[in-house]
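Below you will find one chain, with nothing else, as structure tokens; this is the form predicted alone, and questions on how it binds or moves follow later.
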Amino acid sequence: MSALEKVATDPLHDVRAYAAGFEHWLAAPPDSLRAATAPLPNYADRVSAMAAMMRDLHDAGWSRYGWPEESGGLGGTILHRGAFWETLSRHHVPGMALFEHLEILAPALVAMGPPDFVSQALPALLSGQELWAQGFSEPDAGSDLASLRTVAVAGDGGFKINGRKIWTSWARYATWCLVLARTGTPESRHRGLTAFIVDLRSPGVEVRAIEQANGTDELAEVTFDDVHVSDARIVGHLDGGWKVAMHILSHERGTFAWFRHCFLYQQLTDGLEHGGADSDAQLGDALLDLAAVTTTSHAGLHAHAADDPLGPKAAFTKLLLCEAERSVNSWRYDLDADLAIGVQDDETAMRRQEYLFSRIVTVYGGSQQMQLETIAKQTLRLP
């Protein structure tokens, strides 16, 4: 009996048994996992390597745990997914890349998406065949989603979407995009938004990659010009997009911190051999910041596993993750001046990308100021 079969026979889908079985299987890893651990500064190469690895992990069954059987999974909870990515980080996979959307978009799709579509789309994402983008921010509506201007007008058995999204995560590589569009009046604000599943191969869609300061093109500008979307591709309900967005942001600002901080721990561990006594104070600060994320994000995982979403409490975890991301990378920068200057090998180039990305983490998923406002108004009930 294989390690995966032993897990499958456990009616409780025990997370420790799952993690042990996965660890045993990784003792002889597939070539695709070895390829994904290599430093790949070119983002397209990284996407390709990660997709190949995810295909093998899906075919072997490991990535299907933590997802409901009716959606193409093998049962279990988000705790299985937490163990899955934690294990991969310890085996030197450098990050989730665009598979971050498995923990940002996919939970909302499973909870509120069209069941027939999701039962096909989730396995395609888990296996790296069809990737996803998130279409929220606009040139004049970043953290203030309620002011977005992309519109969806009903007609011809569906909707016509017109508008423009900016900083759209991984759109260059994606097949599908979860688009938040206005179906009500501008005055309706958050009450007049709807979440649509848009095929980025549709006529009228234009994707223009945006190269960031760290050299990657994981973001894009996406224009929608009379793009037809079937009314069967609504996530949630008509004018119910705000609930979908809050579900997504609860994961992006909350439970995602667990997945991300596992890779930050590995970055810190990998840098220890280059450290000295003069960097101990910075190292200690980074460890304390990561410990804070461990505590809050672990509690968030268990809350979601119990079907108790974090809501505004996710803002605390997002702020702690930002601080940890910056402190870990500041410590690594002080250890290696080549991150800023000089000819770089692939490994150094990857560390530089991580450092530069850490400078903008207080913006994505809602700015630091928006997180503080959420805490002030919705948790502390300040005027």
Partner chain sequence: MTADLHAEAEFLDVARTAFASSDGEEALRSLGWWELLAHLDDPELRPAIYAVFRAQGSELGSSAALGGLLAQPYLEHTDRVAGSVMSAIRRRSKTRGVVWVVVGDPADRELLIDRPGAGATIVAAADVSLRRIDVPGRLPLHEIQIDVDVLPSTIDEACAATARERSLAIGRIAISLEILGAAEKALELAVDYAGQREQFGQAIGEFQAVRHLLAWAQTDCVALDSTALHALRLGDDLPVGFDAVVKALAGRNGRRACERSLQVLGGIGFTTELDHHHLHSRVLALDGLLGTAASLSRELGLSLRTGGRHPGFPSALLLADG
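Residue numbers count along the first chain shown, from 1. Small disclaimer: the values here were computed from a predicted structure and weren't measured.
Below: the form predicted together with the partner chain, not depicted.
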Counting any non-hydrogen atom inside 4.5 Å, which residue from Ile210, Met112, Ala124, Ala291 sits next to the partner chain in the model of the complex? Ala291
Among 160-168, 113-121, 238-246, 85-93, the region lying within 4.5 Å of the partner chain in the model of the complex by heavy atom distance: 85-93
Each of Trp258, Gly276 and Ile375 near the partner chain in the model of the complex, meaning some heavy atom within 4.5 Å? yes
In the model of the complex, Asp280 touching the partner chain (heavy atom, 4.5 Å): yes
Contact flag, Ala146 vs the partner chain in the model of the complex, heavy atom cut 4.5 Å: no
My question is simply whether Ala154 lines the interface with the partner chain in the model of the complex - judged by any non-hydrogen atom within 4.5 Å. no
Considering non-hydrogen atoms and a 4.5 Å limit, does the partner chain approach Tyr355 in the model of the complex? no
What residues in 348-383 sit within 4.5 Å of the partner chain in the model of the complex, counting heavy atoms only? Gln368, Gln369, Leu372, Glu373, Ile375, Ala376, Lys377, Thr379, Leu380, Leu382, Pro383
